[in-house]
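Quick setup: one chain, the form predicted alone, written in structure tokens, and binding and motion questions come after.
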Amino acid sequence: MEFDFSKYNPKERYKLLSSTVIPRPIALVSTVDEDGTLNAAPFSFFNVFAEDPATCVLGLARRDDGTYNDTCRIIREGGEFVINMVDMDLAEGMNIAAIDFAPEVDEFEMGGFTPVASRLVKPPRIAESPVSFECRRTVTLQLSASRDLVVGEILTMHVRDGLFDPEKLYLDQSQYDVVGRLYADQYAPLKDIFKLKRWQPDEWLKAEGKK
């Protein structure tokens, strides 16, 4: 079976992609409007892509009529945003923040989020998030009339106490109950974990009796 994407419309391609590239991390993005209204919205077309400089990318869709959603508009105007990671305790609030509220609605209030002042950017981070990244837009790439990619530099990272060893930078996985996006109305916690050794070539060849 083959799906030639040239024969499918964007919504059909989205259905195919979002149901197979799983789980996807969720960026609960916080921004602040010119009048001080707090905005929060989740996006799962998101990931980190580099460490020098520390770089993230958000895939932001426009509304059906081609206008910018609040997050896209505010980032284009101000260039600053915070990515808040979503754990099980934040999942319900994240789902509320996905509602397409009017621009004047404070989505921190709707989602039950506590704003905490960021250090380097104007938008606040969400206190309930286990990990938050203060970001500044590097460039916005318009892929089509309906889809933008925002490339941002991660300036600093806030982590819940006890989550990381501050010296070795090791994550305590048992304390990081993060949630991934699947498709439709489905999400998945990160529970079953397994390890695969990262081999060096000579080491693997020797172990396999090939050297």
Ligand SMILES: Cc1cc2nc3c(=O)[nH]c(=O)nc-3n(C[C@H](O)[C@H](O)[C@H](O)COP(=O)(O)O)c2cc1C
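Keep in mind that what you see is a predicted model, and the values were worked out from it rather than measured. Note that residue numbering begins at 1 and tracks the sequence as displayed.
Note that the form predicted together with the named molecule isn't included here; everything after this is about it.
Although the partner is absent from this view, residue 176 stays clear of the named molecule in the predicted complex, with no non-hydrogen atom inside 4.5 angstroms. Taking the partner from elsewhere, residue 98 is found to have a heavy atom lying within 4.5 Å of the named molecule in the predicted complex. In the predicted complex, the named molecule lies within 4.5 Å of some heavy atom of residue 61. Taking the partner from elsewhere, residue 56 is found to have every heavy atom lying beyond 4.5 Å of the named molecule in the predicted complex. Here the chain stands by itself, but in the predicted complex one stretch of 179-187, 151-159, 47-55, 166-174, 179-187, has heavy atoms within 4.5 Å of the named molecule.
Taken together, the three residues 83, 126 and 134 all stay farther than 4.5 Å from the named molecule in the predicted complex, as judged by their closest heavy atom. Taking the named molecule as positioned in the predicted complex, the residues of 63-78 that bring a heavy atom within 4.5 Å of it are, in sequence order, 63, 69, 70, 71.
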